[in-house]
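Next comes just one chain, in structure tokens: the form predicted on its own.
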Amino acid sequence: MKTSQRLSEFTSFIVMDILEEALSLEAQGHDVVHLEIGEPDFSPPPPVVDAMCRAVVDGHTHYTHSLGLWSLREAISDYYGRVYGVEVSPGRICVTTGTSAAFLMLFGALLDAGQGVGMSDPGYACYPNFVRFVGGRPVALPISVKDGFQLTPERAACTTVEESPIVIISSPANPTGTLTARSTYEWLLARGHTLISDEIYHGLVYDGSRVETALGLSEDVIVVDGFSKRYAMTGCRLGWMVVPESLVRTINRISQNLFISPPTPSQYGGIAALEHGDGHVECMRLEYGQRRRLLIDGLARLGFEVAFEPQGAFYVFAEISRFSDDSYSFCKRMLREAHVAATPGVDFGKHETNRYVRFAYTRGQDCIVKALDRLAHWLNG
């Protein structure tokens, strides 16, 4: 059957290819250490579980407003005031079926055919495909370890406002764990770009690093965030975005048609997460910090180059030049021969990504030690 032209450059999500092969190996009886998938191994905070169960028992299983429960939008508004000291009207908050739905609706709302979206390379693997799916054009902005894998004004200057009217920044970033400086946001806004700030990894930062929401810069900034990462609610499929008032009705219409409404029990869980989840998140963050140190030091001992230590999220983007110049083949061999799953750098772009592998510290310290032991035997075998 013939597929649409828009899918001609639509790539697979390689991390899912790796995961699916790892699951096949496990089905054959092999023990695989999973350091590939960016999914927390924690359960959601207990108040979240209680709230979702109670919502089902109480019959809250029907459609809500397409932009989400007003009580959840108020809770998100309160969150911005409490955590960042930024006032955000609940009326500007659009609850979504995960952040993926948010990006799909945003690019569908903002892009005409052929318009460009600037994004760092390496960067989150799905951004280009969201843009392609609605007929837009991804514009790669190359970054490297020399910049601390940070999008800087100098790097962003390789595009223009005409070429990339929209620029998206993820901070902390996937796959590198980079925090982007406030000056880059300010430079892009002053230049006239529409700025989308992906803040899904906020709350997961280390070594005293701090992050601010881009909403403190301008009411024209669009912020995307959600519950999957810091609240360990990946399967609940719940996110949100904060948009300018002029865009709310547009997102409303798109959501009505594409999604009807976000999942209702999850929304009650989201309220509980924001109101009662801070302590649980802090415990997870501290554990992630210990895993981060263990993985960075272990990879360095094995000969991986970790020239830039991640400041946030839960990934280490390690250089493999000592072993290979083909990250895809390296990861395939590592999975099949050492039974350690990690994601090849080529999943995240084209700029020098053959030299890198992303390891996720989303599994416990015992799993990380096991993976490092297996890698030691494999690399020295």
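Keep in mind that this is a model prediction, so the values were computed, not measured. One rule holds for the numbers: they count along the sequence shown, beginning at 1.
Not pictured, yet referred to below: the form predicted together with a small molecule.
- Checking Ser170, Ser164, Gln267, Gln311 for any heavy atom within 4.5 Å of the small molecule in the predicted complex turns up a single hit: Ser170.
- Of the residues given (Tyr201, Phe149, Tyr231, Phe304), Tyr201 alone sits with a heavy atom within 4.5 Å of the small molecule in the predicted complex.
- Contact with the small molecule in the predicted complex, defined as any heavy atom within 4.5 Å, is confined among 267 to 275, 245 to 253, 209 to 217, 124 to 132 to 124 to 132.
- With a 4.5 Å cutoff on heavy atoms, Arg293 does not count as touching the small molecule in the predicted complex; it lies far away.
- Under a 4.5 angstroms non-hydrogen atom cutoff, the small molecule in the predicted complex lacks Arg285 among its neighbouring residues.
- When the small molecule is considered in the predicted complex, Asn174 lines it closely, a heavy atom lying within 4.5 Å.
- At the 4.5 Å threshold, heavy atoms of Gly136 stay clear of the small molecule in the predicted complex, well away from it.
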